[in-house]
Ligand SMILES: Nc1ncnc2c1ncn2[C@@H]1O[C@H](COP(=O)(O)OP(=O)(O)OP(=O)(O)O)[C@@H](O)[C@H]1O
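One chain follows as structure tokens, the form predicted on its own.
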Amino acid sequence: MATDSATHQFPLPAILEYPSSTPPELITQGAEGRLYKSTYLLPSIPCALKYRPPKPWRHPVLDARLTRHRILSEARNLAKCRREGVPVPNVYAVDESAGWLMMEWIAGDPVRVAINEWLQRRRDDERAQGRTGDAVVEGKGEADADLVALLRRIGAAVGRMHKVGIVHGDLTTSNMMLKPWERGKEPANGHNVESDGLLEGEIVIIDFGLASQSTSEEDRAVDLYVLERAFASTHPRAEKLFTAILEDAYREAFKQAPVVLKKLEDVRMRGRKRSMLG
């Protein structure tokens, strides 16, 4: 992938042009920013650099102020999560004036990719046995043990994040990574030792660009609702199983969960009304 400044609408951040840096690779590009893969200090330490380039349609002073606020907010939320043991990328460096945040590169696949591949394998197996391959995943029996274990880890990770007073704002299975286990650190509950490895790994929550510090039950419930709806649209065959296991694991990780889950029912009801009204 070409990475010199001429191929970009805006120049690269200066830090990515230092001779000691590995040539950056543009991973994703959105309306608000870009994500690059490069290295930190040594070629052997990969990193992710999130860059918010100037927005020409905004007043320069307002744009600079918004960029500084958003970069610092994301860095602070990540640092707080990290201190409290929530599985998120480590922050390496920040330059809010230049509009970038450098973080640990999380190896592995997005949870969305792993679940979809698992569901496809299950569909193929069912069709090989003469069935339609469209059966709802109920989480019963050894065949579903890997997915059940993964969903428990998702619920626990979200519960720990809410426990420390952070709401993510954009919880989806695309914003969670499956980081390969460190040797000897596999959990006893939420890890299937008999698995083929497809759904194995630590859940790491990423992309805190919309995150905020909040202890509001409403905010936490909306966070869960966003995750529920995103899961249902991306992995509809496992929707009912996800909801049941998410709530169970969330309760175990977060003692205020019953209040949040009660509020979640209200949020769901409002969501249904909006759907009915179009």
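The first residue of the sequence shown is number 1, and the count goes up from there. Not measured: the values here are computed from a predicted model.
Another form, the form predicted in complex with the named molecule, is not on view; read the next lines as being about it.
Enquirer: If contact means any heavy atom within 4.5 Å, which of 212-220, 60-68, 239-247, 47-55 contacts the named molecule in the model of the complex?
Expert: In short, 47-55.
Enquirer: Does any part of Asn77 reach within 4.5 Å of the named molecule in the model of the complex? Heavy atoms only, please.
Expert: Heavy-atom contact with the named molecule at 4.5 Å: absent for Asn77.
Enquirer: With the partner left out of view, is Tyr92 within 4.5 angstroms of the named molecule in the model of the complex by any non-hydrogen atom?
Expert: No, Tyr92 sits far enough from the named molecule in the model of the complex that none of its heavy atoms falls within 4.5 Å.
Enquirer: Please determine whether Leu35 contacts the named molecule in the model of the complex, using a 4.5 Å cut-off between heavy atoms.
Expert: Heavy-atom contact with the named molecule at 4.5 Å: present for Leu35.
Enquirer: Could you tell me if Ser174 has a non-hydrogen atom within 4.5 Å of the named molecule in the model of the complex?
Expert: Output for Ser174 is yes: heavy atoms within 4.5 Å of the named molecule.
Enquirer: Since exactly one of Ile206, Ile203, Ala114, Leu147 fits, which has a heavy atom within 4.5 Å of the named molecule in the model of the complex?
Expert: Here the answer is residue option Ile206.
Enquirer: In the model of the complex, which residues of 87-112 put a heavy atom within 4.5 Å of the named molecule?
Expert: The stretch touches the partner through Pro89, Met103, Glu104, Trp105, Ile106, Pro110.
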